[in-house]
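A lone chain, given as structure tokens: the form predicted on its own.
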Amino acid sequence: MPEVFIDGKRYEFEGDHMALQYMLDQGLEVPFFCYHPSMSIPANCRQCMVKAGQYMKNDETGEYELDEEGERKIRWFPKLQTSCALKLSDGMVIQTQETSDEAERAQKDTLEFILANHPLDCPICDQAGECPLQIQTYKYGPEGSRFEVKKVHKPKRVELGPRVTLDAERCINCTRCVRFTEEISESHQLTIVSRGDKNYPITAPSETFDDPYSLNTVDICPVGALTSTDFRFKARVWEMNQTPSIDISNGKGCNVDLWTRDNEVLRITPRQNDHVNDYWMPDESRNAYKLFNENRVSRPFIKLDGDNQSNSSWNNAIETFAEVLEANDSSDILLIGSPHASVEENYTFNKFFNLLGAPNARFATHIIDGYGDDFLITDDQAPNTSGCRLLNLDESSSSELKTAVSQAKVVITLGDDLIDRDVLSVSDLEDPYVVSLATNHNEMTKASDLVIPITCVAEHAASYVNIDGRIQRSFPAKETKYSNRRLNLEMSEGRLDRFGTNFDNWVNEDNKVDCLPVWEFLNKLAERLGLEFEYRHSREIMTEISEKLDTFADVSFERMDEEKGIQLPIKQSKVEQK
């Protein structure tokens, strides 16, 4: 098997490898800026330079040539090599900054060169705390600068488009952003203008950087030259908690991280999953954070007279709900599940009312034909349409649902605004008693007689099946009135959570929504009705589902965590970039 020697240690490899990626895969560290594993290799930042050579072999015998001390002779390449563009070969010898003074000095000199015109505005830069240039300067850079003349100033606070702002003087010409628009999104909206120390990325004159994936350039910018217009100056990375989750704005189920502070989600960024979204996500999916913070249903609402709704206690809401169920025949109850709700929510919702004798739940898909782009934006606007189908809920068209509503005396809906998306109208819901289990106020909750607040994807652990049949799960990122970050071992804890106090200005109880997971509310309703129904955690629900439904066999939260989701035995389509 081919062998390579890195910093004096022997490694075996198969296939084609570039030295930098191979070393990163082995857990070794080499600094870099312009390299990205999903894009082409320009080798223009020069930060990943290493000393490289080849063991010498005798042309006739094929044996390694030995020196006077019996060691293999090395023919060093005449100059240092950029490891990102250096292809491994059998017998190659590489020395990184760990063992080569030349490589260490080259990296230090490169950083000094990059910093010659880079503004030292780390205290106000939005990238501070997660800036590779800042980190590598501390680890590999010079202690000072020999640059004593005035720095070159480039354009600042340039709004490239509706979502991205450029501070050009921070740019180090890594070209990641330009290559992204050329190779990944293929919009070709960015290019590098000017030469030498005056160059920076920009759009063509009068053009706007409105690429539907434009914010990915912010994620991969290594120096804070490109920043999110929406997120600028909102928070610093060390003030926030980072929690893995799933995008719920369409059917792809991109893996994301939710960044929270003071119990509010402040931004959403992509999380790498080669099976689903690689390193990317659409811009529109990042706006979902507003749904987690704003216009939330907090405490139950009940319609007392006319169209007037008012807050109610949980006890009154449970008692009212129970009385409605007891006063009506189970065959007169219509259940409407939701592709916007999780597998666990739809399963417990359907099971609970089935135990009372109600017919199987229906659901209406949320598909806009032609909306998708064959990359990460899909026609399906819901995160769990496949999950509803696999749970055997009855898929219904708008006309079928209207007919069913007209024949029902009680309509119970789960987390779906059927009015806003024209499946039902307000007039359809005038006669039956309508109960909505909802996360946000919307047209559906306005038309409801009883509104039960439930947790959203940012507040519970639950799973969703994407359009390709991959089941993935979320983690709770926000506390509710009834959950505690320090007691829930699944919730991330940041510095402020550990060391802050209730007197600090970042602690605000108003940001905690008064809501419950669906299964916890149904537990309370079951207790009132004398029904045998109780779940302590969504993990228990998934265990039950995996035991009862063959399609979910062997599915568990543990496997989803270890394998970054599980491909269920249904149709699978490969993620393709444009």
Partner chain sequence: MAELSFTQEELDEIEKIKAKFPTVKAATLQVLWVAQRKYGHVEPEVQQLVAETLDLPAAHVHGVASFYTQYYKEEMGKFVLDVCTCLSCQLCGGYEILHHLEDELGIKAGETTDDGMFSIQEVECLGACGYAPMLQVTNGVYVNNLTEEKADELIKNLREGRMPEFESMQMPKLEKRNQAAS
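Residue numbers count along the first chain shown, from 1. Predicted model only: the values in this text are computed from it and were never measured.
The same protein has a further form, the form predicted together with its partner chain, not shown here; the description that follows concerns it.
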As a check of understanding, the residue in 194, 425, 310, 287 with any heavy atom within 4.5 Å of its partner chain in the predicted bound form should be identified as 194
Candidate from 98, 71, 323, 207 lying within 4.5 Å of its partner chain in the predicted bound form - any heavy atom
207
Quick check for you: of 433 to 441, 351 to 359, 195 to 203, 87 to 95, which stretch puts a non-hydrogen atom within 4.5 Å of its partner chain in the predicted bound form?
195 to 203
Any of the heavy atoms of residue 456 lying within 4.5 Å of its partner chain in the predicted bound form?
no
With heavy atoms only and a cut-off of 4.5 Å, decide whether residue 245 touches its partner chain in the predicted bound form.
no
Can you check whether residue 190 is within 4.5 Å of its partner chain in the predicted bound form, heavy atom basis?
yes
Using a 4.5 Å cut-off on any heavy atom, which residues of 69 to 105 would contact its partner chain in the predicted bound form?
none
